[in-house]
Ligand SMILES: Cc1ncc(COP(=O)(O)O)c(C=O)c1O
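A single chain comes next, written as C-alpha coordinates; it is the form predicted alone.
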(Lines give C-alpha, C1' and ligand atoms only; values in the text may rest on other atoms or scores of the structure.)
Protein backbone atom coordinates (compact mmCIF):
# COMPACT_ATOMS: atom_id res chain seq x y z
CA UNK A 1 0.00 0.00 0.00
CA UNK A 2 1.37 3.42 -0.99
CA UNK A 3 1.86 5.79 1.91
CA UNK A 4 0.19 9.19 1.59
CA UNK A 5 3.52 10.88 2.34
CA UNK A 6 5.27 9.02 -0.48
CA UNK A 7 2.46 9.82 -2.91
CA UNK A 8 2.66 13.52 -2.02
CA UNK A 9 6.44 13.62 -2.42
CA UNK A 10 6.18 11.94 -5.82
CA UNK A 11 3.44 14.32 -6.95
CA UNK A 12 5.45 17.31 -5.71
CA UNK A 13 8.28 16.29 -8.01
CA UNK A 14 6.00 15.91 -11.03
CA UNK A 15 5.43 18.42 -13.81
CA UNK A 16 1.73 19.02 -13.06
CA UNK A 17 0.75 22.67 -13.34
CA UNK A 18 -1.32 23.70 -10.27
CA UNK A 19 -4.14 26.03 -11.28
CA UNK A 20 -5.81 25.36 -7.95
CA UNK A 21 -5.36 26.30 -4.31
CA UNK A 22 -3.22 26.65 -2.22
CA UNK A 23 -1.87 29.99 -3.37
CA UNK A 24 1.80 29.15 -2.80
CA UNK A 25 1.52 26.71 -5.75
CA UNK A 26 3.93 24.28 -4.04
CA UNK A 27 6.83 26.61 -4.72
CA UNK A 28 6.85 30.22 -3.50
CA UNK A 29 7.66 29.87 0.21
CA UNK A 30 10.30 27.73 1.86
CA UNK A 31 10.25 26.09 5.30
CA UNK A 32 12.80 24.04 7.19
CA UNK A 33 11.79 20.51 8.12
CA UNK A 34 8.41 21.18 9.84
CA UNK A 35 9.06 18.43 12.37
CA UNK A 36 11.94 20.49 13.73
CA UNK A 37 9.61 23.26 14.95
CA UNK A 38 6.29 21.51 15.38
CA UNK A 39 5.73 22.35 19.05
CA UNK A 40 2.98 22.86 21.60
CA UNK A 41 2.42 25.81 23.94
CA UNK A 42 5.83 25.89 25.61
CA UNK A 43 7.58 28.77 27.37
CA UNK A 44 8.23 31.72 25.11
CA UNK A 45 5.82 30.74 22.34
CA UNK A 46 2.50 32.06 23.61
CA UNK A 47 -0.97 30.45 23.30
CA UNK A 48 -3.33 31.11 20.40
CA UNK A 49 -6.38 31.00 22.68
CA UNK A 50 -4.88 33.51 25.13
CA UNK A 51 -2.38 35.36 22.96
CA UNK A 52 -0.23 37.80 24.91
CA UNK A 53 3.22 37.45 23.36
CA UNK A 54 4.69 36.42 20.03
CA UNK A 55 1.35 35.21 18.57
CA UNK A 56 -0.41 38.40 19.63
CA UNK A 57 2.29 40.45 17.92
CA UNK A 58 1.97 38.34 14.77
CA UNK A 59 -1.80 38.87 14.76
CA UNK A 60 -1.31 42.62 15.20
CA UNK A 61 1.04 42.63 12.24
CA UNK A 62 -1.51 40.73 10.14
CA UNK A 63 -4.16 43.29 11.11
CA UNK A 64 -1.85 46.07 9.98
CA UNK A 65 -1.18 44.39 6.63
CA UNK A 66 -4.88 43.69 6.04
CA UNK A 67 -6.00 47.09 7.43
CA UNK A 68 -8.16 45.44 10.07
CA UNK A 69 -8.91 46.66 13.59
CA UNK A 70 -8.55 43.22 15.15
CA UNK A 71 -7.31 40.00 13.53
CA UNK A 72 -7.01 36.42 14.76
CA UNK A 73 -5.22 33.45 13.24
CA UNK A 74 -7.37 30.49 12.22
CA UNK A 75 -5.84 27.03 11.92
CA UNK A 76 -9.10 25.21 11.23
CA UNK A 77 -9.69 27.09 7.99
CA UNK A 78 -12.30 29.76 7.32
CA UNK A 79 -15.00 27.35 8.48
CA UNK A 80 -14.32 27.88 12.19
CA UNK A 81 -14.29 31.64 11.61
CA UNK A 82 -17.66 31.56 9.86
CA UNK A 83 -19.15 29.46 12.66
CA UNK A 84 -17.78 31.83 15.31
CA UNK A 85 -19.03 34.93 13.50
CA UNK A 86 -22.57 33.60 13.02
CA UNK A 87 -22.82 32.33 16.60
CA UNK A 88 -21.69 35.73 17.87
CA UNK A 89 -24.32 37.62 15.87
CA UNK A 90 -27.36 35.41 16.43
CA UNK A 91 -29.22 33.89 19.33
CA UNK A 92 -30.29 30.25 19.55
CA UNK A 93 -33.37 29.84 17.39
CA UNK A 94 -32.94 33.30 15.86
CA UNK A 95 -33.11 34.49 12.27
CA UNK A 96 -30.39 34.94 9.65
CA UNK A 97 -30.42 36.55 6.21
CA UNK A 98 -27.99 34.77 3.92
CA UNK A 99 -27.09 34.48 0.26
CA UNK A 100 -28.29 31.15 -1.11
CA UNK A 101 -24.84 30.59 -2.65
CA UNK A 102 -23.06 30.60 0.70
CA UNK A 103 -20.62 27.81 1.56
CA UNK A 104 -22.01 24.76 3.36
CA UNK A 105 -20.41 25.94 6.63
CA UNK A 106 -23.01 28.71 6.82
CA UNK A 107 -25.76 26.09 6.60
CA UNK A 108 -24.04 24.04 9.28
CA UNK A 109 -24.04 27.11 11.52
CA UNK A 110 -27.75 27.60 10.85
CA UNK A 111 -28.35 23.95 11.75
CA UNK A 112 -26.35 24.08 14.98
CA UNK A 113 -27.80 27.45 16.01
CA UNK A 114 -31.33 26.31 15.01
CA UNK A 115 -31.74 29.43 12.89
CA UNK A 116 -34.56 30.37 10.58
CA UNK A 117 -32.88 31.30 7.31
CA UNK A 118 -34.04 33.89 4.79
CA UNK A 119 -32.31 33.56 1.43
CA UNK A 120 -31.01 36.15 -1.02
CA UNK A 121 -30.88 34.75 -4.55
CA UNK A 122 -28.23 36.24 -6.85
CA UNK A 123 -29.21 36.46 -10.48
CA UNK A 124 -28.05 33.76 -12.88
CA UNK A 125 -25.95 35.66 -15.44
CA UNK A 126 -25.91 34.94 -19.19
CA UNK A 127 -22.37 33.64 -18.69
CA UNK A 128 -23.84 30.77 -16.62
CA UNK A 129 -22.58 31.87 -13.21
CA UNK A 130 -24.27 33.63 -10.30
CA UNK A 131 -24.03 37.41 -10.06
CA UNK A 132 -23.72 39.90 -7.21
CA UNK A 133 -25.97 40.39 -4.22
CA UNK A 134 -27.46 43.87 -4.60
CA UNK A 135 -28.27 46.54 -2.03
CA UNK A 136 -31.91 46.36 -3.11
CA UNK A 137 -32.07 42.64 -2.31
CA UNK A 138 -30.65 43.27 1.15
CA UNK A 139 -32.96 46.18 1.92
CA UNK A 140 -36.04 44.23 0.82
CA UNK A 141 -35.09 41.21 2.92
CA UNK A 142 -34.40 43.26 6.04
CA UNK A 143 -37.74 45.01 5.60
CA UNK A 144 -39.52 41.66 5.22
CA UNK A 145 -37.67 39.94 8.07
CA UNK A 146 -37.18 42.55 10.82
CA UNK A 147 -36.29 39.88 13.41
CA UNK A 148 -33.14 38.85 11.53
CA UNK A 149 -30.09 39.97 13.51
CA UNK A 150 -27.39 39.22 10.95
CA UNK A 151 -26.63 39.05 7.25
CA UNK A 152 -23.94 36.90 5.65
CA UNK A 153 -22.88 36.74 2.02
CA UNK A 154 -19.94 35.47 0.01
CA UNK A 155 -17.83 38.09 -1.78
CA UNK A 156 -15.94 37.26 -3.89
CA UNK A 157 -17.79 34.12 -4.88
CA UNK A 158 -15.97 30.98 -5.92
CA UNK A 159 -16.24 32.27 -9.49
CA UNK A 160 -14.82 35.69 -8.55
CA UNK A 161 -17.98 37.84 -8.45
CA UNK A 162 -17.83 40.73 -5.96
CA UNK A 163 -20.79 42.52 -4.36
CA UNK A 164 -21.05 46.18 -3.31
CA UNK A 165 -20.21 45.46 0.31
CA UNK A 166 -19.81 49.12 1.32
CA UNK A 167 -23.38 50.03 0.34
CA UNK A 168 -24.75 46.76 1.69
CA UNK A 169 -23.11 47.49 5.05
CA UNK A 170 -24.64 50.97 5.13
CA UNK A 171 -28.11 49.58 4.43
CA UNK A 172 -27.81 46.80 7.00
CA UNK A 173 -26.31 48.96 9.75
CA UNK A 174 -29.10 51.51 9.30
CA UNK A 175 -31.45 48.76 10.51
CA UNK A 176 -29.15 47.40 13.21
CA UNK A 177 -28.21 44.25 11.28
CA UNK A 178 -24.73 42.74 11.65
CA UNK A 179 -22.84 42.11 8.39
CA UNK A 180 -20.55 39.09 8.05
CA UNK A 181 -18.61 38.62 4.84
CA UNK A 182 -17.19 35.27 3.79
CA UNK A 183 -14.19 36.60 1.89
CA UNK A 184 -12.42 33.25 1.92
CA UNK A 185 -11.43 33.69 -1.74
CA UNK A 186 -10.35 37.30 -1.29
CA UNK A 187 -7.35 37.14 1.03
CA UNK A 188 -5.34 38.71 -1.80
CA UNK A 189 -7.59 41.81 -1.78
CA UNK A 190 -4.80 43.69 -0.04
CA UNK A 191 -4.11 47.39 -0.38
CA UNK A 192 -1.95 48.09 -3.44
CA UNK A 193 -2.42 44.52 -4.71
CA UNK A 194 -4.43 45.76 -7.70
CA UNK A 195 -7.47 43.64 -6.83
CA UNK A 196 -10.93 44.71 -5.60
CA UNK A 197 -11.27 46.44 -2.23
CA UNK A 198 -11.59 44.08 0.70
CA UNK A 199 -14.78 43.94 2.78
CA UNK A 200 -12.56 44.88 5.73
CA UNK A 201 -12.16 48.37 4.28
CA UNK A 202 -15.87 48.51 3.40
CA UNK A 203 -17.00 48.47 7.03
CA UNK A 204 -18.22 44.87 7.45
CA UNK A 205 -18.47 43.79 11.09
CA UNK A 206 -16.66 40.48 10.63
CA UNK A 207 -14.66 39.30 7.60
CA UNK A 208 -13.21 35.82 7.17
CA UNK A 209 -10.39 35.11 4.71
CA UNK A 210 -8.59 31.90 3.71
CA UNK A 211 -4.92 32.79 3.46
CA UNK A 212 -4.21 29.38 1.97
CA UNK A 213 -6.54 29.86 -0.98
CA UNK A 214 -4.90 32.83 -2.69
CA UNK A 215 -1.86 33.82 -0.61
CA UNK A 216 1.38 31.85 -0.12
CA UNK A 217 0.29 30.10 3.08
CA UNK A 218 -0.24 26.45 3.95
CA UNK A 219 -3.58 24.70 3.53
CA UNK A 220 -5.99 25.16 6.45
CA UNK A 221 -4.75 28.64 7.36
CA UNK A 222 -7.11 31.60 7.55
CA UNK A 223 -7.81 34.93 9.25
CA UNK A 224 -10.82 36.45 10.95
CA UNK A 225 -11.05 40.25 11.08
CA UNK A 226 -13.31 42.12 13.53
CA UNK A 227 -14.43 45.73 13.11
CA UNK A 228 -13.69 47.96 16.11
CA UNK A 229 -17.36 49.00 16.31
CA UNK A 230 -18.72 45.45 16.40
CA UNK A 231 -20.46 45.09 19.75
CA UNK A 232 -20.01 41.32 19.98
CA UNK A 233 -16.22 41.17 19.65
CA UNK A 234 -15.92 39.24 22.92
CA UNK A 235 -18.39 36.64 21.65
CA UNK A 236 -16.33 36.06 18.52
CA UNK A 237 -13.27 35.40 20.66
CA UNK A 238 -15.29 33.10 22.92
CA UNK A 239 -16.58 30.99 20.05
CA UNK A 240 -13.15 30.81 18.45
CA UNK A 241 -11.96 28.96 21.56
CA UNK A 242 -14.82 26.50 21.02
CA UNK A 243 -14.56 25.92 17.27
CA UNK A 244 -10.76 25.96 16.96
CA UNK A 245 -8.61 23.06 18.02
CA UNK A 246 -7.08 23.28 21.51
CA UNK A 247 -3.81 22.12 19.92
CA UNK A 248 -3.20 24.76 17.24
CA UNK A 249 -0.37 24.03 14.83
CA UNK A 250 2.60 26.35 15.18
CA UNK A 251 3.65 25.30 11.69
CA UNK A 252 0.38 26.69 10.31
CA UNK A 253 0.55 29.85 12.39
CA UNK A 254 4.12 30.44 11.23
CA UNK A 255 2.91 30.00 7.66
CA UNK A 256 0.30 32.76 8.09
CA UNK A 257 2.85 35.07 9.68
CA UNK A 258 5.39 34.35 6.94
CA UNK A 259 2.83 35.16 4.24
CA UNK A 260 2.04 38.50 5.90
CA UNK A 261 5.73 39.44 6.16
CA UNK A 262 6.32 38.29 2.58
CA UNK A 263 3.66 40.71 1.34
CA UNK A 264 5.27 43.65 3.16
CA UNK A 265 8.79 42.77 2.02
CA UNK A 266 8.22 41.46 -1.51
CA UNK A 267 4.52 41.19 -2.26
CA UNK A 268 3.64 44.60 -3.63
CA UNK A 269 6.22 44.38 -6.39
CA UNK A 270 5.39 40.72 -7.03
CA UNK A 271 1.71 41.61 -7.46
CA UNK A 272 2.52 44.23 -10.10
CA UNK A 273 4.33 41.60 -12.16
CA UNK A 274 1.57 39.07 -11.52
CA UNK A 275 -1.15 41.40 -12.76
CA UNK A 276 0.84 42.21 -15.89
CA UNK A 277 1.35 38.51 -16.72
CA UNK A 278 -2.27 37.71 -15.92
CA UNK A 279 -3.51 40.52 -18.14
CA UNK A 280 -1.51 39.20 -21.09
CA UNK A 281 -2.79 35.67 -20.51
CA UNK A 282 -6.43 36.76 -20.41
CA UNK A 283 -5.96 38.89 -23.53
CA UNK A 284 -4.44 35.90 -25.35
CA UNK A 285 -7.43 33.77 -24.43
CA UNK A 286 -9.89 36.42 -25.62
CA UNK A 287 -8.26 36.76 -29.02
CA UNK A 288 -7.02 33.20 -29.53
CA UNK A 289 -9.93 30.98 -28.49
CA UNK A 290 -12.53 30.27 -31.19
CA UNK A 291 -14.76 27.59 -29.65
CA UNK A 292 -13.88 27.71 -25.98
CA UNK A 293 -14.46 31.08 -24.32
CA UNK A 294 -12.97 33.11 -21.47
CA UNK A 295 -15.89 34.13 -19.25
CA UNK A 296 -15.83 37.76 -18.16
CA UNK A 297 -19.11 38.46 -16.34
CA UNK A 298 -20.87 41.73 -17.00
CA UNK A 299 -23.55 43.39 -14.90
CA UNK A 300 -21.75 42.64 -11.64
CA UNK A 301 -20.42 45.16 -9.13
CA UNK A 302 -16.82 43.99 -9.51
CA UNK A 303 -14.87 40.92 -10.55
CA UNK A 304 -11.69 39.17 -9.42
CA UNK A 305 -9.66 38.50 -12.56
CA UNK A 306 -7.41 36.02 -10.76
CA UNK A 307 -10.15 33.46 -11.46
CA UNK A 308 -9.90 32.17 -15.03
CA UNK A 309 -13.18 30.60 -16.16
CA UNK A 310 -13.12 28.77 -19.48
CA UNK A 311 -16.56 28.01 -20.91
CA UNK A 312 -17.31 25.03 -23.12
CA UNK A 313 -20.90 26.15 -23.85
CA UNK A 314 -20.37 26.78 -27.55
CA UNK A 315 -18.20 23.75 -28.19
CA UNK A 316 -18.78 20.04 -28.57
CA UNK A 317 -17.26 19.07 -25.20
CA UNK A 318 -18.36 19.45 -21.59
CA UNK A 319 -16.47 21.01 -18.71
CA UNK A 320 -15.62 17.54 -17.41
CA UNK A 321 -14.20 16.50 -20.79
CA UNK A 322 -12.05 19.62 -20.99
CA UNK A 323 -10.77 19.00 -17.47
CA UNK A 324 -9.84 15.41 -18.27
CA UNK A 325 -7.97 16.37 -21.44
CA UNK A 326 -5.96 18.98 -19.58
CA UNK A 327 -5.03 16.59 -16.78
CA UNK A 328 -4.33 13.48 -18.82
CA UNK A 329 -2.56 14.93 -21.86
CA UNK A 330 -1.13 18.23 -20.63
CA UNK A 331 -0.72 17.66 -16.86
CA UNK A 332 -2.66 20.82 -16.04
CA UNK A 333 -4.84 20.53 -12.93
CA UNK A 334 -7.86 22.83 -12.56
CA UNK A 335 -9.58 23.93 -9.37
CA UNK A 336 -13.22 23.18 -10.15
CA UNK A 337 -15.28 21.57 -12.89
CA UNK A 338 -18.84 22.51 -13.82
CA UNK A 339 -21.06 21.04 -16.52
CA UNK A 340 -20.19 23.87 -18.90
CA UNK A 341 -17.03 25.56 -17.61
CA UNK A 342 -13.78 24.89 -15.80
CA UNK A 343 -12.35 27.20 -13.14
CA UNK A 344 -8.61 27.79 -12.89
CA UNK A 345 -7.16 29.61 -9.88
CA UNK A 346 -4.15 31.76 -10.56
CA UNK A 347 -1.97 33.34 -7.89
CA UNK A 348 1.07 35.49 -7.41
CA UNK A 349 3.14 32.28 -7.24
CA UNK A 350 2.40 31.27 -10.85
CA UNK A 351 5.32 31.23 -13.25
CA UNK A 352 5.66 32.25 -16.89
CA UNK A 353 6.10 28.57 -17.69
CA UNK A 354 2.74 27.76 -16.10
CA UNK A 355 1.02 30.37 -18.26
CA UNK A 356 2.81 29.28 -21.43
CA UNK A 357 1.77 25.65 -20.97
CA UNK A 358 -1.78 26.67 -20.04
CA UNK A 359 -2.19 28.88 -23.10
CA UNK A 360 -0.62 26.39 -25.51
CA UNK A 361 -2.77 23.54 -24.20
CA UNK A 362 -6.06 25.44 -24.45
CA UNK A 363 -5.29 26.77 -27.92
CA UNK A 364 -4.41 23.28 -29.13
CA UNK A 365 -7.58 21.76 -27.65
CA UNK A 366 -9.67 24.64 -29.00
CA UNK A 367 -8.31 24.13 -32.50
CA UNK A 368 -9.62 20.56 -32.58
CA UNK A 369 -13.13 21.47 -31.38
CA UNK A 370 -16.25 22.37 -33.28
CA UNK A 371 -18.94 24.90 -32.53
CA UNK A 372 -21.79 22.83 -31.20
CA UNK A 373 -23.72 24.22 -28.23
CA UNK A 374 -24.03 21.50 -25.61
CA UNK A 375 -27.26 20.45 -23.93
CA UNK A 376 -28.38 22.02 -20.70
CA UNK A 377 -30.96 21.28 -18.11
CA UNK A 378 -33.54 23.99 -17.51
CA UNK A 379 -31.62 27.26 -17.11
CA UNK A 380 -28.75 25.16 -15.75
CA UNK A 381 -29.79 25.99 -12.19
CA UNK A 382 -31.73 24.46 -9.35
CA UNK A 383 -34.32 27.17 -9.16
CA UNK A 384 -35.42 28.18 -5.68
CA UNK A 385 -36.22 25.10 -3.58
CA UNK A 386 -39.03 25.81 -1.12
CA UNK A 387 -38.09 25.49 2.56
CA UNK A 388 -40.78 23.46 4.34
CA UNK A 389 -39.04 23.47 7.73
CA UNK A 390 -35.84 24.67 9.38
CA UNK A 391 -32.67 22.73 8.67
CA UNK A 392 -32.36 21.72 12.32
CA UNK A 393 -35.90 20.31 12.30
CA UNK A 394 -35.36 18.23 9.17
CA UNK A 395 -32.14 16.60 10.36
CA UNK A 396 -33.78 15.45 13.60
CA UNK A 397 -36.81 13.78 12.01
CA UNK A 398 -36.94 10.11 10.98
CA UNK A 399 -35.48 9.51 7.53
CA UNK A 400 -35.92 7.18 4.62
CA UNK A 401 -33.85 6.66 1.47
CA UNK A 402 -35.53 6.85 -1.92
CA UNK A 403 -34.20 6.59 -5.47
CA UNK A 404 -33.65 10.13 -6.77
CA UNK A 405 -36.28 9.75 -9.49
CA UNK A 406 -38.88 8.75 -6.88
CA UNK A 407 -38.12 11.62 -4.50
CA UNK A 408 -40.02 14.41 -6.27
CA UNK A 409 -42.35 16.21 -3.90
CA UNK A 410 -40.62 14.87 -0.79
CA UNK A 411 -38.68 16.88 1.79
CA UNK A 412 -34.91 16.51 1.67
CA UNK A 413 -33.16 15.32 4.83
CA UNK A 414 -29.73 15.71 3.21
CA UNK A 415 -27.31 18.34 2.03
CA UNK A 416 -26.76 17.73 -1.68
CA UNK A 417 -23.89 19.55 -3.34
CA UNK A 418 -21.05 19.41 -5.83
CA UNK A 419 -17.63 19.85 -4.23
CA UNK A 420 -15.94 22.12 -4.95
CA UNK A 421 -17.42 24.69 -4.42
CA UNK A 422 -19.45 23.16 -1.58
CA UNK A 423 -22.61 25.25 -2.07
CA UNK A 424 -25.67 23.13 -1.22
CA UNK A 425 -27.98 22.52 -4.14
CA UNK A 426 -30.49 21.16 -1.63
CA UNK A 427 -30.56 21.53 2.14
CA UNK A 428 -32.45 19.52 4.76
CA UNK A 429 -36.00 20.82 4.97
CA UNK A 430 -36.31 21.87 1.32
CA UNK A 431 -38.84 20.40 -1.08
CA UNK A 432 -37.38 18.20 -3.82
CA UNK A 433 -38.94 19.54 -7.01
CA UNK A 434 -39.12 17.91 -10.44
CA UNK A 435 -36.81 20.64 -11.72
CA UNK A 436 -34.32 19.85 -8.98
CA UNK A 437 -34.31 16.14 -9.81
CA UNK A 438 -33.81 16.88 -13.51
CA UNK A 439 -30.85 19.11 -12.73
CA UNK A 440 -29.21 16.55 -10.45
CA UNK A 441 -29.73 13.89 -13.13
CA UNK A 442 -28.04 16.20 -15.63
CA UNK A 443 -25.02 16.69 -13.37
CA UNK A 444 -24.72 12.94 -12.89
CA UNK A 445 -24.95 12.30 -16.64
CA UNK A 446 -22.20 14.86 -17.23
CA UNK A 447 -19.90 12.89 -14.95
CA UNK A 448 -19.89 15.33 -12.03
CA UNK A 449 -19.74 13.88 -8.53
CA UNK A 450 -22.84 14.82 -6.56
CA UNK A 451 -22.33 14.52 -2.81
CA UNK A 452 -25.27 13.73 -0.55
CA UNK A 453 -26.54 10.89 -2.72
CA UNK A 454 -25.71 7.24 -2.13
CA UNK A 455 -23.81 5.12 -4.64
CA UNK A 456 -27.19 3.79 -5.69
CA UNK A 457 -28.27 7.40 -6.41
CA UNK A 458 -30.68 7.47 -3.53
CA UNK A 459 -31.45 10.52 -1.38
CA UNK A 460 -32.52 10.71 2.25
CA UNK A 461 -35.94 12.25 2.78
CA UNK A 462 -37.95 13.22 5.85
CA UNK A 463 -40.12 10.19 6.51
CA UNK A 464 -43.59 11.76 6.53
CA UNK A 465 -45.34 8.39 6.85
CA UNK A 466 -43.94 8.11 10.36
CA UNK A 467 -46.28 10.87 11.48
CA UNK A 468 -49.45 9.64 9.74
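Residue numbers count along the first chain shown, from 1. Remember, it's a predicted structure, so these values are computed and weren't measured experimentally.
Missing here is the form predicted together with this ligand; even so, the following discussion is about that form.
Of the residues 78, 214, 163, 84, just one reaches this ligand in the predicted bound form with a heavy atom at 4.5 Å or closer; this is 78. This chain is drawn without this ligand; in the predicted bound form, the residue among 312, 178, 255, 154 with a heavy atom within 4.5 Å of it is 154. The stretch in contact with this ligand in the predicted bound form, judged by heavy atoms within 4.5 Å, is 69-77, chosen from 318-326, 262-270, 69-77, 296-304. With a 4.5 Å cutoff on heavy atoms, residue 103 counts as touching this ligand in the predicted bound form. This ligand in the predicted bound form is not approached by residue 205, whose heavy atoms all lie more than 4.5 angstroms from it. Contact annotation: residue 132 falls outside 4.5 Å of this ligand in the predicted bound form, judged by heavy atom distances. Taking non-hydrogen atoms only, residue 195 never approaches this ligand to within 4.5 angstroms in the predicted bound form. In the predicted bound form, this ligand lies within 4.5 angstroms of at least one heavy atom of each of the following residues of 144-183: 154, 158, 182, in sequence order.
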